[in-house]
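In the form predicted alone, a lone chain appears below as structure tokens.
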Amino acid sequence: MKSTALHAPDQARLQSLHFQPDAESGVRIFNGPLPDYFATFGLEPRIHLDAAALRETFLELSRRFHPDFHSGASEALRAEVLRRSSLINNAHRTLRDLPKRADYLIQLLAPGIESNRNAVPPELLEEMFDIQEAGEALKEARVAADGAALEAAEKMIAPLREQVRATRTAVEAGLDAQGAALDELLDGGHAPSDEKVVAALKGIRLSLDRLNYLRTVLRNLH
């Protein structure tokens, strides 16, 4: 299941977070402390975002906060421009990527949910010994520059690598569905401390940990 609710930036909220009218000059100036990554783009913390709208907003904010457009401003204003520009770039790098976005959302809403970097997907438990053995055989063959051993290792690894990739695809699909369920809860007014939301966040954390583990396994099989 993939969420049909793609959350787009709220332009009014975006303006209020980054700008405010100056009573004396009427010129809009930068406003307040730096927001979180979601708020930076006028978004509520959600898993499924409108990627095109996010990109468009990123480009617009990048233009408005580009240092070259503020070269004649005061030192304090130039410093604020650089601070906002850095925030916008970091926020975009995080929010444009689903796993990074989900990880950041967990840190934001439930920092007490800890990561387990050794979260092996159940689908691979029976094959883990073979996967580890194949990875070691590949390393040894490369160190020895043994062509025959490399060929044998590749024959052993190829089906295992495909299985790991298939498992990764399944975990990614599960993460997508978990994200849709979480967004539905949050859109429905459930607080981050709500039992259902916490359970959903824990499920997403587990999927992210499994993806991290699979990423490591695939590196070792190449």
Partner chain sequence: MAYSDKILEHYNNPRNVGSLDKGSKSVGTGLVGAPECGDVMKLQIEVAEDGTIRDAKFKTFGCGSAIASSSLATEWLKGKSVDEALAIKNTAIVEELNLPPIKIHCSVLAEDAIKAAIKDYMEKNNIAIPAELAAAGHH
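From a predicted model like this one, the values you see are computed outputs, not experimental measurements. Residue numbers count along the first chain shown, from 1. By rigid core we mean the largest C-alpha set that fits within 1.5 Å across both forms.
The following text describes the form predicted together with its partner chain, which does not appear among the structures shown.
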In the predicted bound form, the residue from Ile113, Leu87, Val120, Ala152 with a non-hydrogen atom within 4.5 Å of its partner chain is Val120
| request: State yes only if every one of Tyr104, Gln107 and Glu184 has a non-hydrogen atom within 4.5 Å of its partner chain in the predicted bound form; otherwise state no. | output: no
Residue-level contact is defined here as any heavy atom of the residue lying within 4.5 Å of its partner chain in the predicted bound form; does Glu80 satisfy this criterion?
no
Quick one: does Ala76 come within 4.5 Å of its partner chain in the predicted bound form, counting heavy atoms only?
no
> Just to confirm, Leu125 within 4.5 Å of its partner chain in the predicted bound form by heavy atoms?
Replying inline: yes
Decide whether Gln132 counts as a contact residue for its partner chain in the predicted bound form under a heavy atom distance cut-off of 4.5 Å.
yes
Residues in 190-213 that come within 4.5 Å of its partner chain in the predicted bound form by at least one heavy atom, in order, are Asp209, Asn212, Tyr213
Any chance the CA of Glu126 moves 2 angstroms or more between this form and the one not shown, core superposed? yes
Assert for Lys155-Asp130 (C-alpha, 3 Å or more) in the predicted bound form vs reference form: pair farther
Against the displayed form, Ala91 vs Arg117 by Cα, in the predicted bound form, with 3 angstroms or more change: pair is farther
